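One chain is shown next in structure tokens, namely the form predicted alone.
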Amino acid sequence: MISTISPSGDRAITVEFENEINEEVNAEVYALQESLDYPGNGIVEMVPTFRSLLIFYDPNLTGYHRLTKLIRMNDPGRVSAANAKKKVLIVPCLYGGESGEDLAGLTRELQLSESEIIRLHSETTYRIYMMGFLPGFVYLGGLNKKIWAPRLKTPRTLIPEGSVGIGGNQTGVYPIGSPGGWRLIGRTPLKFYDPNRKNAILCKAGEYIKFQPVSEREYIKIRSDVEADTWKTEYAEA
């Protein structure tokens, strides 16, 4: 249920839900966004997060009080994410070695073998709670508590494109080379952001991701297919 609605400047509204991060609260955010996504209501952009929705509007077409009433009318209540069909993107991942240089250190820190960390990381179906930080960067929820790990004290100045990392209780994929402090455990050959592609961003918030361990040989082959635009993105239902 909606917790608060408040103005954000003179042409935006912030809608907040319960003060917690879970699938149901996140599902409410996207349910509200979907219900308001139609022309003629004065809304020009919506930015969802884990537990809130920022709504920008054109003051020439609508106003704060009118839009607040519309939002209240579309309050999704408590949405169940458990029974909804999940579109799951299968993400091949080469774990460890040069592709995941922090994996070896995590074995000592977490008191788990590399194979166990890989198993725990790849057996989970992750919800994309939100996109941010970089175009195509996915914030994934549902990481097994056994492999939670703090971010690096000193961030790296450059993390390679496709790197899969752990940051606290989350995991994610770096869509382009950038600085970052997440612990790197692997790399995917898929391009999560490609400005030359019709759909530049590979996936969107509200969808799901499952990592699939691959060998170095498989990684190279998939990467080659991705570069040649012959790779067929794989999905599963859960």
Partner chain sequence: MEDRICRSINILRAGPMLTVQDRGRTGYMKYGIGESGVMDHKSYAEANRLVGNKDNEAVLEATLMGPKIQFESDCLIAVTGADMEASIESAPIERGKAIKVYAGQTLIMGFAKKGCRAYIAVSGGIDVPVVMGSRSTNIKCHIGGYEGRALKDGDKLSLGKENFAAGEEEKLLAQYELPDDYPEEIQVRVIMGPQDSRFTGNGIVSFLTETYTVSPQSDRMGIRLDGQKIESENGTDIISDGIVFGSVQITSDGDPIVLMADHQTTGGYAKIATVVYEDLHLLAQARPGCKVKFIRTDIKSFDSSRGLWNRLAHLFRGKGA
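Numbering follows the first chain given and starts at 1. Please read all numbers here as calculations on a predicted model, not as lab measurements.
Just so you know, the form predicted together with its partner chain exists too; it's not on screen, but the next bit is about it.
S.K.: Residue-level question: is Arg11 within 4.5 Å of its partner chain in the model of the complex, judged on heavy atoms?
M.R.: Result yes; Arg11 sits at the interface with its partner chain in the model of the complex.
S.K.: Is Gln212 close enough to touch its partner chain in the model of the complex, meaning at least one heavy atom pair within 4.5 Å?
M.R.: Flag for Gln212 set to no.
S.K.: Closest heavy atom of Asn26 to its partner chain in the model of the complex, within 4.5 Å or not?
M.R.: Contact check for Asn26: no, nothing within 4.5 Å of its partner chain in the model of the complex.
S.K.: Taking its partner chain as it sits in the model of the complex, is Val226 near enough to touch it, meaning that at least one heavy atom pair lies within 4.5 angstroms?
M.R.: So Val226 does not count as contacting its partner chain.
S.K.: Going by heavy atoms within 4.5 Å, which of 158-166, 99-107, 141-149, 123-131 lines up against its partner chain in the model of the complex?
M.R.: It is the stretch 123-131.
S.K.: Can you tell me which bits of 177-205 touch its partner chain in the model of the complex, meaning any heavy atom within 4.5 Å?
M.R.: Tyr193, Pro195, Ala200, Ile201, Cys203, Lys204, in sequence order.
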